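Same chain, two versions here, written out as structure tokens and called structure 1 and structure 2.
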Structure 1
Amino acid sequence: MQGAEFWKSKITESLKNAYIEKPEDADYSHLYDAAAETLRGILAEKYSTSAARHSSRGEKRVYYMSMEFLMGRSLRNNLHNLGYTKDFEKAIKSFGADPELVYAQEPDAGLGNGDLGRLAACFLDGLATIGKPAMGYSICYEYGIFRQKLTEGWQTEKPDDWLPGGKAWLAEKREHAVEVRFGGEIEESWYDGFHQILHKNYDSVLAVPYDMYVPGFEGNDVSRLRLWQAESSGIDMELFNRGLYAEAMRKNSEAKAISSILYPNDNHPDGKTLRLKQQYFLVCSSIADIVRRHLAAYGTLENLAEKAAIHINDTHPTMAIPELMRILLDECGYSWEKSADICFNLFSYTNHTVLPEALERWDCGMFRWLLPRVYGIICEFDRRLRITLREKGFSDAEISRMAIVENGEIRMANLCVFATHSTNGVSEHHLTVMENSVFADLYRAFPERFSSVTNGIAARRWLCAANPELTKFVKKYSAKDFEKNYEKMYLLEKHANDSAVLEELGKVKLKRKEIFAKANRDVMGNKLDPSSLFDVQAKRLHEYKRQHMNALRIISLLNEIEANPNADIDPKTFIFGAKAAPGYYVAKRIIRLIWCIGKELSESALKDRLKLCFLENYSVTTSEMLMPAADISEQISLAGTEASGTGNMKLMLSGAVTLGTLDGANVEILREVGEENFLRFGMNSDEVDALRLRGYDPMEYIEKNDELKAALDRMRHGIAGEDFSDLADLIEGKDFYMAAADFESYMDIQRKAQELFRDKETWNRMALMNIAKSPVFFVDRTVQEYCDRIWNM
């Protein structure tokens, strides 16, 4: 059976099993469950076939370890990648139902904070598409990234209870559960010439795997994401029998706590014990799984690094290295040299941040107490690193800067650089910043280990699945098979001077803006105006991303129109999407500021000209509606702070023009599209460094700029009745991310953007050029580079 008939019969059958007689009587959640169940079955089968094919060829496999995989929804995307969308939607319609409402039933699998987790998810899609065997490992958090609610502009967090709808995609594999040990003591001895390690009095937790399948485009290959859930390894009968019931139960709930919730911090490590437990829980279970699989196939670990590559996504899973060392040393009896050699060739690492405060460090005391054997192995790495550095002629001061264990702390990034063959940045610019700042010493010691691979996005999700209107346009003017042969999108460029084509593109964009406007309103619930310029800044809230500078700009416009109602300002819609880490107070204040600006706009006489929409609970799913509707992509981080960004790529692909600094992947976007299709402003990283060195005083800039001064004054006098002197103080005081220094140039480029937007043909040409040049940012290219240069597969 094929086509829509296949889907009709499968869904009917699945509903019957759930005691629902007729599809026409099913509610939407049942239809969603039935669809997901059917698709999961198809994916499992495809996975088996593709895994068997790879195994029979003895192919090298990549294991991607990450504390986060921000998967978003699966149904629409999986149908698209497998080519089932049309038939599926036909079947659903034949039941008298609306496919869009079926898709809407699915909760996001929000197992990540932001870019780092979304990148991991995109990698699985890309690897399956280029036909490389890949497996992701992470934690099956019971609660993913919190759901953001705004009450009068104050962020509050609600738990993200995603499993009721999300588990439809998970297959339990209890037979592969693993024991994970914490605490206890290590006893060393020598027996028969062998070093024996005995781990005593530990607590154990059970890691149970749940698998999710991720198909590549056209579905020939399927990646697998294995998510570990923590369970107690059974009631402690000894405690129980001694009458210590509460104690026995406490251990039980402590075990479950490990996989209960995702830490909501982005670019800000949190040195809590539970987080350390989570990290070890992930790597211990995953390494055991990899070792089991490898032994089953080859019967030895000698050739592990030839047949596998393990990638460490930021330092969070770094303990995978000492954990594998533990197995090779203590269980296989290999020498340190041989074990370290296997690890060196096997592991590679990507760094995702340049903020020094975001580099992970762990307190030695806590670490040693929780993971005594792993701690011992890390100390041995440290000892050997120091010897190597001394041999290379580094001074004591330099060695202590590069050491792994120093000042009572363990520095995870230093361990990664020393113990793996490859340390990567996520854009060309990021690598330069790494080499000049946080990794400067280690770069001098091991220059050959550093490289960068620019991030990429699963363009099929944001273009083909989320934006059918633009997809049709791209197919019409480039090539029908561009999804597979993405470089064909470059063909769009030859239409850059065809007025009719540009006008058609303008209509596509307008259509998506209308769809967005229908679903969203300004902060006070008024309608949005699709003919206005849609100016979008959507990303996690962080001071380095400078949402507050954008806010200052809007306040300035408000001041300008109030002073002169005939001021030369065209209709604009400012759209923000941002979650703040729950404990990050300044970030929450900035959200409140933005919201209050929106309120003030909507209550003023100019409410039809300037509108502000704060998109609540920004997530993968809301981004799929937002990106297609954007005209301007605000990428305004201080140069030298954003490692790459990937939202910038999604917006470019959707035909938005980047208004940004020379930071992260913006640098490469600019190179692709050229100055005439990019709105550049602000200092570059060298200028930022020079200014810091000279001693930066924001007041120097504020005093010279009346607009900025007036905007800050307005914050002090109140926006929508609220005093924002606290934020004004930060800008007039330290202004750590130099908003004052870049403000003038930011305002200038905004005026230029308005000018360009007035000329529709010019603007549409810029949009077209951005779309045409986006293929280098497809994740298929990124993972191909990883395979060629980092993983050697």
Structure 2
Amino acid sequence: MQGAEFWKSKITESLKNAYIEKPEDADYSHLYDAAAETLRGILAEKYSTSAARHSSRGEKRVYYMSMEFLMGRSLRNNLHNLGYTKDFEKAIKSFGADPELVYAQEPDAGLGNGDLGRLAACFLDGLATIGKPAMGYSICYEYGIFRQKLTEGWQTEKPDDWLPGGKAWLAEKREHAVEVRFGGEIEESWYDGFHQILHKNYDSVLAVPYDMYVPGFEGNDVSRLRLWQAESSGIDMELFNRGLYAEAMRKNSEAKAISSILYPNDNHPDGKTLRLKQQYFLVCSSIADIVRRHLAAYGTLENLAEKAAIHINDTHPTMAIPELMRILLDECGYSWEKSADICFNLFSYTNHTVLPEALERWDCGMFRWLLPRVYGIICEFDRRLRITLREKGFSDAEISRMAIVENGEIRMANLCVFATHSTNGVSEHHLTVMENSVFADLYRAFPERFSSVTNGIAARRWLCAANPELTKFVKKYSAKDFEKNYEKMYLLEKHANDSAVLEELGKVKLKRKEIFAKANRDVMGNKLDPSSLFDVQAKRLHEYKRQHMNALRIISLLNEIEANPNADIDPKTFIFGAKAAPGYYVAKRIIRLIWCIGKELSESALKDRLKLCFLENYSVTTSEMLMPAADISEQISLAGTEASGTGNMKLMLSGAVTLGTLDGANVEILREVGEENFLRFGMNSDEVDALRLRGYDPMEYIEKNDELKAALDRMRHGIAGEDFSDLADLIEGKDFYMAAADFESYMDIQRKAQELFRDKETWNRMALMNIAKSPVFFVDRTVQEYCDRIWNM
């Protein structure tokens, strides 16, 4: 372990070389740069050592492909995992500086958005911790997804220019750059019995790799995340010399656009084209890199599936399959059967959503124009799938539903199921929904390929690094080595009836609430009350997550206050954190509605007791402050729509009580903690399906519920002076996610939650039981299951 003197020496040396200044004179950004440079060097060395060890043993390696890795900040987390935190902070303090201000210099890496990206980041941590060799692959987005700016509750999108501070963690590896080709024509011919492919008149882009290192706990192993940045392959000198300067530079700007923004708005043709380019850019460069690495180690691709596992995280990287097929067929001369067999045993796929609109489909015309060879390979997969299904006895109508290419579209999820050996859901409930809905036909055709592995979280980050007070409590009442032996947290349960221990836990929670309240205010800038119940719903803004149902509940409370200003209403703070996709107008309107509700609360008769806080630009760093402060975890999606969730797990780990439906991983949380420690409401997925089949009419429920009717009326008459009739019309007319049907049950459980919170000992016991039962959701368990059941490692 490196001591404080080591850190003092290294930081001093780095500052001298880079800025010609002493630590005592350096500003905090320079101290951060010096710390990051030192730690990156340590990680690179540790990675080389661990990679050499795995290679010498001939171990199988996992390659994890994902359009996003929601990494957050690296400095604090890496120091913690390596065991360097105390010595580092001691060194910083010796310079007369505050370590917290050094940490604050780092921006959140703009590489992800939601649970899908956070899971990918946790996997790299978990795989390194359990000692498995792993590489992640993604794109180095220059401006992230966007930086959210709220102006009077209206979301606007600003560039998230994170690289000036974040690039300190990236090591350029230009020597391994890859050419990526778009467009052009394919000429096919046969020569001496071999099929030959010639790609002509294409445009090319250069994919330049940058590496980020992710240490496991105790630092014995390190994972590597390779991020690709797009560059032009060169300026067109002929056009430039003819004076056509803009046209000559066009390719450069088009190339840079590929790695500029995560999930560009695809409400228009150019946006769709850019998204398709991004996805092929990722898989083409990554597959080329995997092939290069494997050939350097073994000299052949014959044993590729034996020595490697490639995982497709959601449908975005699906083209990795036909891209590898292209290499095996066109560059290696393998037969279709042999190539497909290698891919089948090599690739596995995780599905992250059952929403049909999120299962990617591409227009055949656009796809064929941009990726002609890959398109041809996908069509051959489709032809062979149809033959297989006919042999299994399926009808033409059933085959049409399962086909990869149908009605002028390419269905990427169907390609994944057919061309890989494993399709897994991310919770037990998610698998059931998959088998009964979007994948029902394919499940009947290939049942042996479907399984589930419940998501997990990097608990060392979300507990040990983010919540030192609770960490100290857990070590005191379970085991000091629980970070490595996480099952020992179950020992907390034996203190469930110890009043003194429960009171101590309550003080730990209050401390974190005070820290959060000091750093944040309500929408009108007023202070928050740490003694109030912190009711948290923080996640991506989408109608299926039903932030609008939560809003209706608060509007009902406003109506109650106005009807009875002297009502005995307990102090409560409603906390939201959410970004809406740039082209998702309804989601933006819901954000505006929530903000306006907060404004009305600040002007109500109980403004000192009821507050609403909307966290602008919600991020991993914000989450690390919020999760430890939460009392209630709102997980209120319509049953059958949330695949798993990881926010619910982080909140549970921090002692928040889940208030939720039987959806996603909530089902397993309830099973772990028991009914008495979970606030359950709403329909289950079978009841949702039955209601849809019968014919759902939201007005049937609205007319019977005076609270809901009054809340919708208030939206029409104005919230903080603004008419929200458009949202009221959606709920009264379509209400696809059935907020009206679940509203009465939701209000009942909210009232029960308030009653339980009044009894501090009861509430603290519920919190303790949630913490004690959380180890099953640690990522160490998740990745071990993947290694054993899916990747055969």
Ligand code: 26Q
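Note that the coordinates shown come from a computational prediction; the quantities given were computed from them, not determined experimentally. Under this definition, the rigid core comprises the largest set of C-alpha atoms superposing within 1.5 Å between the forms. Residue numbering: sequential along structure 1, first residue numbered 1.
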Identity of the form predicted alone among structures 1 and 2: 2
T151: Cα shift of 2 Å or greater between the two structures (core-aligned): no
Rigid core fit then N566 CA moved by 2 Å or more between the two structures: yes
C-alpha of E13 off by 2 Å or more between the two structures on rigid core: no
